[in-house]
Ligand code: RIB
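Listed next as C-alpha cells is one chain, alone, in the form predicted alone.
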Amino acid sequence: MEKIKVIMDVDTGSDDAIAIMTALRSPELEVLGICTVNGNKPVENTTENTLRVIDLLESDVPVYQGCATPLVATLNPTRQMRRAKDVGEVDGRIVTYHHAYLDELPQSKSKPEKQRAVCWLIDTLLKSEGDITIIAVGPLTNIATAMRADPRIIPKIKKIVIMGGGRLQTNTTSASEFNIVMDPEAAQIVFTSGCDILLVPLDATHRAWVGKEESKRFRDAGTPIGIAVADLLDTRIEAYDLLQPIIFAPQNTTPPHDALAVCAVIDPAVLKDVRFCRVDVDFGGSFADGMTIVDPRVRTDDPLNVHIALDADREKFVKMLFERLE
C-alpha cells in the first residue's frame, strides 16, 4: 500500500500531541516533517512540546519552528479582549486545556531543524510531485505566509485538512473557534487559495469525544504511549468539565480535536455530513472576528471552496485511536 505523504502544522498542546502520536503510529501515513506555530502557547513552547512527543515515540521526523506571531491580529490589542476564559482553579490547583509545557512528558533531547518552517514548506512543496497533504491543526500563519511568499506552492499541494472553525459550535468567542480567531487573515488566505480543503470544525470534533473509560483503557495498556495519552486526556477532561462542558456529551469527556483531522486523512469515513460550501472568515476585528462564515445558499456570491464536516463517527474514531495508540 502506498503511503500518504503528509506534513503536519501544529501548535502543540494536549490534543496536538495526541494527533502527532496518531500520525506517527499510522502505517498509512508518511510524515515528512512537522512545522510548529504560535497558538496554544508561544512558538518556542509549541516547538519544545512537539519535540517531547517526537522523543517519546523515538522518531526521527524533523521539526521546523515556524511563525512566532499572527500576520496582523495582535497589532490591535483590543482584538484579544473578548476571549473565553481558558484557565480555572480546583483546590488551589491550576486547571487548563494546555499548560505551558507538556508536563506529562520529559524535557526534549531532540532539537528543531535550523531551517524555519515557512522556508522548508516552500522548498519541500516546490520539489514535490503534487502528492503532499498538509494536516493543519493550529493557526494557519505558516501556510498563509508560505502561500504569499511563493504562490507557486499552491498547485503543488494535494490537499489541506484543517482542524478549525465551527458552523454552529464556537469555543473562544461567541462567534469563533480558537485556531481561526488566532489568525483570521491567515485563515481567509488559505480558504480562498484555490487548494482542495477539508475543514474539520468543532461541529465534527465535539461529536468525536473521548471519556474516562477510554482514558482508563489507554492507561491499563501500560505502555509509555498509552500512559501519556491517558495523562493528556485526563488533563483535557478536567478542563472541559470545568470550563467548557460539551452539551451533547456525557460528563467527564473531552474532544481530542486535532486527532480527528489526522484520522480523516487515513479514512475519510470517520467524518459524516461532509458538505461542499462557500466558507469565509470574518477579520473585521469586531464581535464576529474570526467567525467561520458558512454560506448555506445553493447559489453563492463566490465559488464554493471548502468541504466542511458537520458530524463524525465517534465509534470509528475511538477504534482508530486504540488501534494506533493503545
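All residue numbers are counted from 1 along the displayed sequence. Computed from a predicted model, the values in this text were never measured in an experiment.
The discussion below concerns the form predicted in complex with alpha-D-ribofuranose, not included here.
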| item | value |
| --- | --- |
| Of Leu105, Ile197, Leu202, Ala239, the one that lies within 4.5 Å of alpha-D-ribofuranose in the predicted bound form (heavy atoms) | Leu202 |
| Single option in Ile134, Val137, Leu233, Ala117 placed near alpha-D-ribofuranose in the predicted bound form, where near means a heavy atom within 4.5 Å | Val137 |
| Stretch in contact, per heavy atom within 4.5 angstroms of alpha-D-ribofuranose in the predicted bound form, of 27-35, 279-287, 297-305, 253-261 | 253-261 |
| Non-hydrogen atom within 4.5 angstroms of alpha-D-ribofuranose in the predicted bound form for each of His98, Asn171 and Asn179 | yes |
| Close approach of Leu121 to alpha-D-ribofuranose in the predicted bound form, 4.5 Å, heavy atom | no |
| Partner contact for Asn40 in the predicted bound form: alpha-D-ribofuranose, 4.5 angstroms, heavy atom | yes |
| alpha-D-ribofuranose contact at Ala146 in the predicted bound form, heavy atom, 4.5 Å | no |
| Met163 within 4.5 Å of alpha-D-ribofuranose in the predicted bound form, heavy atoms | yes |
| Contacts with alpha-D-ribofuranose in the predicted bound form, stretch 1-27 (heavy atom within 4.5 Å) | Asp11, Asp15, Asp16 |
